[in-house]
Structures are given as C-alpha cells and as structure tokens.
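Okay, so here's just one chain, in structure tokens, the form predicted alone.
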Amino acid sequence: MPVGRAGAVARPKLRSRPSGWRATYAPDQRRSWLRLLLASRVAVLALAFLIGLAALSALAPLLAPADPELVNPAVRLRGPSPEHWLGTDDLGRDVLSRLLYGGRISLLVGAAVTLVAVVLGAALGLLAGYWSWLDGPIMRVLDGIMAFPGVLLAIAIVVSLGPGLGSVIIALALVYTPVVARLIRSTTLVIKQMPYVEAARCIGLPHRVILWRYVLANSVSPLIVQATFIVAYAILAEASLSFLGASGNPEAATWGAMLRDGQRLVSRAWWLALAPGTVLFLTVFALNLVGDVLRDALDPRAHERREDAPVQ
C-alpha cells in the first residue's frame, strides 16, 4: 500500500459515480407528487368539488334553509322553487337541508372508516409480511372475512352491535381492513428483502424501528392511493345501508335514505331521487379521479413510461 508524507497511509481514490446516476436522480427531474397532482386539471376540479362539498356539509347548520327534520304537510311534494331550491319530500321537509346534513354523515363515515381500516389494516399487513410465522393465522382470518359479500357482512355486524352511526363505522371498517392488510403485506414482503433493510438488521436496529422507518415509510404511496378508494367505497356502502334501512334511524337525513324515499315516489316527484343521486355520483366519481391521478403521481416509473412511450 503506498505511503504518503510523514508515513501516512494514502487513501485509495473513490470510484466515480456511474454516469446514469446523476441523470436519474437529478433534483430538477424529481417531481413532487403534489405538483403532479395539481398539474392535472381533472384532479384540481375533483379536489375543488370535494373541498367545497366538505365545507358546505360542515357549515350545514348555518347554510341549511330549514330544519332537515321539520315536517310540514302543507308544502309536501313541492317542486324546486325560490322558497325550496330542491323541492320538498312527502313529509314537507326541505330537500336541500337534508342533502347538506346528509353530506355530514356520509363524509364523516367515509373518513372514519378509512382511518380505522388504514391503521388496523396496515398494522396487520406489516405483522403478516414481516414475520412469516404470523402470516398464516392473520391472512386466513382476513381471507375468511373477505369471503363474505361486503354489504351483507356489514348488515350482520350492524344488527349484532345495534343500530347507530358507530356500529356502521365499525362494520364498514372491518369490511375494508382486509383490503388494506393484503396491500401492505405484499409491499412488506418485497421491501423486507431490500439491501437497506438487511443493512438495518445487521447494525442491530430494533424491529419496530425497521418497520416504521423503512417498511411502512416505503409503503405510504400505495396506502394513500388505496385510502382514496376506500373513502369512496365507504360512502357508497353507507348509502346502501341507509337505503336498506340498516344504518340506524331510518328517518335520519342521509343520502341513502333520501334515495330510498325518492325511489318510491320517482314517478310523482323526480327531484327527490335526483338530488342525492347526483351528489353521491359526483362525490364517488371525484374520489376515484383523485385516486387515479395520485396513483400516477406517486408511481416513480409512471413519468419514465410516459417519456419512453412512442409518439403516435
């Protein structure tokens, strides 16, 4: 080994980085997922609609023109008018007021179900994917839950727990937890074989640190995308339970209950089903659009595929 001045050992020169490294990881080519999301006009419109809907629902006590539960037979089955913008139902209740209050319930259920399903499903998926001896018991139980149709299983759980908004949230969270768990398990099986995870084990990092800092941190992107779809599915499922009268108070102001009442009177009062059906469709459609754009924005290979695609 060569010896330098004053007997010091000369250090070997480090090898230069490959030429493709700088081109691949240059800061100017690393686009933020938020920037890509906002670059899509469709995603911006969908986000604007969802934010506006959430704001209107949150401010329903201030914006609603009437009490959603106020029965007034004198104005029953009135069509849209300056006094009642979306008309009234068969009991004389203002449809716009019920629509705003129904949005509070639907959005609350969607957010709560997604939060519980993501937290519980991510924990089960990490355990099943990281420790092979837990994989069999956990996944077999989750497979058994997924074997039942989602709505039927949710109805059975609500009936067992008793009617109420909390029962609906618990039931739907249990229905969608296996979906998140299978997703995180698949990503964990891949990530735990990566060199940086092996290196973390070699230096003696605890398993909880590896799971949090390396495995879960690299699973956030698909988890965010899946969460947007779960919100949409939960809102649809809550509307289905309300439509069937299995979500608690059948007279509560929910989009599903409004659709049920409108379906009975669709030949006489078309506006009863049109208003909640349109809002429900637009909400789920906007959530799916945001999920699709997020999937492309969070995929590091999507931009490369678009650049390498042949020009037609």
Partner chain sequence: MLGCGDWLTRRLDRRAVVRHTARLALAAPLAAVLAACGGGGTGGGSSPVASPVASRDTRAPRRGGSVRVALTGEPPNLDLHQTTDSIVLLVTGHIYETLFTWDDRYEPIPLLAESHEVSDDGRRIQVRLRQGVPFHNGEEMRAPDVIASIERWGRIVGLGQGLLRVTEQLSAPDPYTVEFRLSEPFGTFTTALSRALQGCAIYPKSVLDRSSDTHLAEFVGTGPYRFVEWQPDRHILVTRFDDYAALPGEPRGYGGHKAQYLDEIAFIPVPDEAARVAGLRAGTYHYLETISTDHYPTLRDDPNVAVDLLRPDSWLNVVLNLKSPITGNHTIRRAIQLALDHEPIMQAAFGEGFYELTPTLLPGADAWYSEAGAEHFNPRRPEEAKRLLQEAGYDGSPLRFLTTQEIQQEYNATVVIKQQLEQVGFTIDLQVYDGATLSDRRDDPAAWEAYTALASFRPDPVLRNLTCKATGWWCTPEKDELLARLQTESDFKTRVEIWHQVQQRFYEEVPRLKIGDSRRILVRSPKLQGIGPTELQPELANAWLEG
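This one's a predicted model, so the numbers in the text were calculated from it and none came from an experiment. Numbering follows the first chain given and starts at 1.
Quick note: we don't show the form predicted in complex with the partner chain, though the next part is all about it.
Of the stretches 193-201, 208-216, 112-120, 86-94, only 86-94 has residues with a heavy atom within 4.5 Å of the partner chain in the model of the complex. The partner chain is not drawn, but in the model of the complex it has a heavy atom within 4.5 Å of P73. Though the partner is left out of this view, L77 does reach within 4.5 Å of the partner chain in the model of the complex, counting heavy atoms only.
Among residues of the shown chain, L265 is one whose heavy atoms approach the partner chain to within 4.5 Å in the model of the complex.
The closest non-hydrogen atom of W271 lies beyond 4.5 Å of the partner chain in the model of the complex.
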